[in-house]
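In the form predicted alone, a lone chain appears below as structure tokens.
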């Protein structure tokens, strides 16, 4: 009897460990396969674009011998499949080549500029969630009313309006005319010098590093610079999140459990904000993760308008200079971030929804 009672828990633990190992293996295979597909796409796009990487290195006045020597050094005289295998090996080890613009390894450049994009996209996503979810819930609880129509129109404008135009208008009004916010860049010139000399670099994100160092003058200056570009991106993110939240909530509010909760006399705020909204968390996580990933990869125009020294501006400058190593490296990093965010949303989905765990 005692033997059975001790064996069952052990069997249960073994089954859980085996299931966990299978889930991790499946996740790793999926991640590796997706990343390999990303490398294949970027590799073949890099081979078909009308930019000669050899000519960009040696210049137009180079002799044929110099051209062929550089082509051999880059491995471009080898068969295409061999070039791809070398490309995969280099990417897996973080070797994206050397940038023509900075003469530094591309990975080092990305490590310098990516925190700026991460800071901007993260703040914009937080603002988008804080504004988008409540407005979506309010619109869903008042379908067809003036409030619902206003929220939907604001969302439609934010989702369809060109981001660069919103950025330019924001700079003209809030910086040029009213002087409420800081101008292009992450800091004023003097504050940037103070940041470089006095603030330790922990994350590369100025708001966090300056707050940790207690440099509140730099923090306030950085906040005045980031509020406008983050607000522009947040408006775009809010429009998408609000629209999806409204759709999810409309579906949940028509379910029988909501009617039952109301019949039982539960307060309306609890029915809406606890029960109905709680059941939309699973699809909302996916929506927010996709919105975050889109801001990470789609902030190129915003960074260009606001001279924000992030990954988007880095890729744009590299493309204008035919610096294909930097373009390809930046594209891979953005794609990898997109893949990881999707994987993270899938993991959160399984943790929150017991039905997903049971299905797995």
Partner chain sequence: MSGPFLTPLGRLSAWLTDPNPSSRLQARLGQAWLTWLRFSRNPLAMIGLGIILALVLMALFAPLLAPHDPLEQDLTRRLLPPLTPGHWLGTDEFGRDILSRIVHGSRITLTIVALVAVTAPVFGLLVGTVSGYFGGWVDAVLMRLTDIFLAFPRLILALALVAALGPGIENAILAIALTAWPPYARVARAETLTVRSADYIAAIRLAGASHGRIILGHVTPMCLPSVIIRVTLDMAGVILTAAGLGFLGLGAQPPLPEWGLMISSGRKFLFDQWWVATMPGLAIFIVSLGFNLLGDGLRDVLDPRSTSR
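Residue numbers count along the first chain shown, from 1. Here the rigid core means the biggest group of C-alpha atoms that line up within 1.5 Å when the two forms are laid on top of each other. Keep in mind that what you see is a predicted model, and the values were worked out from it rather than measured.
The following text describes the form predicted together with its partner chain, which does not appear among the structures shown.
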Discussion item. I'd like to check something about residue 149: if you look in the predicted bound form, is any of its heavy atoms closer than or equal to 4.5 Å to a heavy atom of its partner chain?
Written reply: yes
Discussion item. Check residue 160 for me: does it contact its partner chain in the predicted bound form (non-hydrogen atoms, 4.5 angstroms)?
Written reply: yes
Worksheet item: Should residue 129 be counted as a contact of its partner chain in the predicted bound form, where contact means heavy atoms within 4.5 Å?
Response: no
Discussion item. At 4.5 Å between heavy atoms, is residue 334 in contact with its partner chain in the predicted bound form?
Written reply: yes
Worksheet entry | Triple contact flag 70, 75 and 321 to its partner chain in the predicted bound form, non-hydrogen atom at 4.5 angstroms | no
Worksheet entry | in the predicted bound form, segment of 129-137, 255-263, 275-283, 169-177 with a heavy atom within 4.5 Å of its partner chain | 169-177
Item to complete: Find the only residue in 212, 92, 86, 153 having a heavy atom within 4.5 Å of its partner chain in the predicted bound form.
Response: 153
Worksheet item: Does any residue in 241-255 get within 4.5 Å of its partner chain in the predicted bound form, counting heavy atoms only, and if so which ones?
Response: 243, 246
Worksheet item: Rigid core fitted, is the C-alpha displacement of residue 30 between this form and the one not shown 2 Å or more?
Response: yes
